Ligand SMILES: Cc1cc2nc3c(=O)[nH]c(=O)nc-3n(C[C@H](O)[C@H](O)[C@H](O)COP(=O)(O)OP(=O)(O)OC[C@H]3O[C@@H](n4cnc5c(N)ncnc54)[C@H](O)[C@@H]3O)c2cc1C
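Next comes just one chain, in C-alpha cells: the form predicted alone.
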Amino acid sequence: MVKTDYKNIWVYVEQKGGEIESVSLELCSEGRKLADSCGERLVAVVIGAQTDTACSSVEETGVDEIIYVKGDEYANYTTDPYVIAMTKLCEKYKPSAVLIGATSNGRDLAPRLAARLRTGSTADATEIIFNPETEDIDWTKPSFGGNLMATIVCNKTRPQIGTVRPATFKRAFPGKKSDLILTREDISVPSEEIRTRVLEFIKDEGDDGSKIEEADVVICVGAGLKSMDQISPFQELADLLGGMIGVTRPLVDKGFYTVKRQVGQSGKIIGPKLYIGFGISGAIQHTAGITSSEVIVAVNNNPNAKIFGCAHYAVVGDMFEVASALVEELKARRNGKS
C-alpha cells in the first residue's frame, strides 16, 4: 500500500429518524480544519432512503464535496448494507481518513468498515490533529478509566478510521461553497446479503426526544442529591435558564435518571455554553465529559473538591442553598426587582 495514493478527509453523515445526528455536523466543522491543515479536500458521505434534506444541511458546513447513496435498503441503519456501501466507496475513492460519530451506530460501523478495508480504527477520540511531520492523524482518547490520554496513530495503512465523541467539537456553518461538487453513487445491496432487518421501532417511554449533548445550559447534579424530593431547586434553575438537568453516574445507578442524562466518560460528552455542577467531586470520569463547556461553574461545600481545578468559577457552599439563591435572584431580575 502506498499512503500517497489516498487523499481527502471524509465525514460519514449519520441520519436517525430523518434528522442528521449533531455529531456529524460537528465533524464536518472540525474536518474542515483538518482538511485545510493537510491540504486536502473535505468530503461528506450521506447514505439513506432520503438524502435531500441531509445534503442541504451538510453543504452549509463548507464541505468541498458530498457523495450520497440513496436506496430503500438504507431506510434504517443495519450493519450489512451500510458497511457494504461504505466499503465500496472507500475502495473506489481511497480517502485518507474517515471520521465517524461515536454513536451506537457509528461504533458498530467503524470497526467493521476497518476490518473490510484491512486498516486500523480508533474508538471514542476526543481530539484529532494532523501531524505534518508524519503526515498521519493523531487521534487522542481517554484510556485506563480516563486516567490517561492516549494518542493513537494509524501509520502503516489507509484509510485512517476513527469515531469521535459527540459534543467534542463545535458546529460551524460558514456556508455553501460556490464550487461544491455533488456526486451520486448507485450502490444496490441484494436482499440476500442483508442478514438483519428492523422489524419494529419501540420508543423509550422515558425518552422525551431531548438530547443533553445539544443543550446550551446544563445543570448537573451529583451524589449530594439523596432523593428525587430534593431535585426541585435544580430543575427550577434549569427551567429558568432554558437548560436541562444532567447527573453523575451514582444518580443513574439509583434509578433517579436514565443514562441519557448521565454526563461523563461512560455517559454523554457535553459542550454547553454554561455548565453548573452541584455537589460533584470532580472525578476524571465526569470532568472528561465537560471540558468543552464554554463556562464551567462548580458548587461544592468542600473547598478542596477536584472539580474546582477545571472550573472557571468556584463556589464553596451548600448545593441546595446556592441553587435556591440563584433561583430567587433570577426570579427577582425577571420581575425587575434586582
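From 1 onward, residues are counted along the sequence shown. Keep in mind that what you see is a predicted model, and the values were worked out from it rather than measured.
From this point on, the text means the form predicted in complex with the named molecule, which you will not see here.
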Answer option from Thr168, Thr163, Gln160, Gln262, heavy atom within 4.5 Å of the named molecule in the predicted complex: Gln262
Using heavy atoms only and a 4.5 Å cut-off, determine which of Ser281, Ser57, Ser29, Ser292 is in contact with the named molecule in the predicted complex. Ser281
Whether Pro132 contacts the named molecule in the predicted complex should be assessed with a 4.5 Å heavy atom distance threshold; does it? no
Against the named molecule in the predicted complex, would Ala223 count as a contact residue? Criterion: heavy atoms within 4.5 Å. yes
Flag Gly18 as yes or no: does it have a non-hydrogen atom within 4.5 angstroms of any non-hydrogen atom of the named molecule in the predicted complex? no
Distance check, Thr53 to the named molecule in the predicted complex, heavy atom within 4.5 Å: no
Which of 118-126, 245-253, 178-186, 134-142 sits within 4.5 Å of the named molecule in the predicted complex, heavy atom basis: 245-253
Heavy atom within 4.5 Å of the named molecule in the predicted complex: which residues of 112-141 meet that condition, in order? none
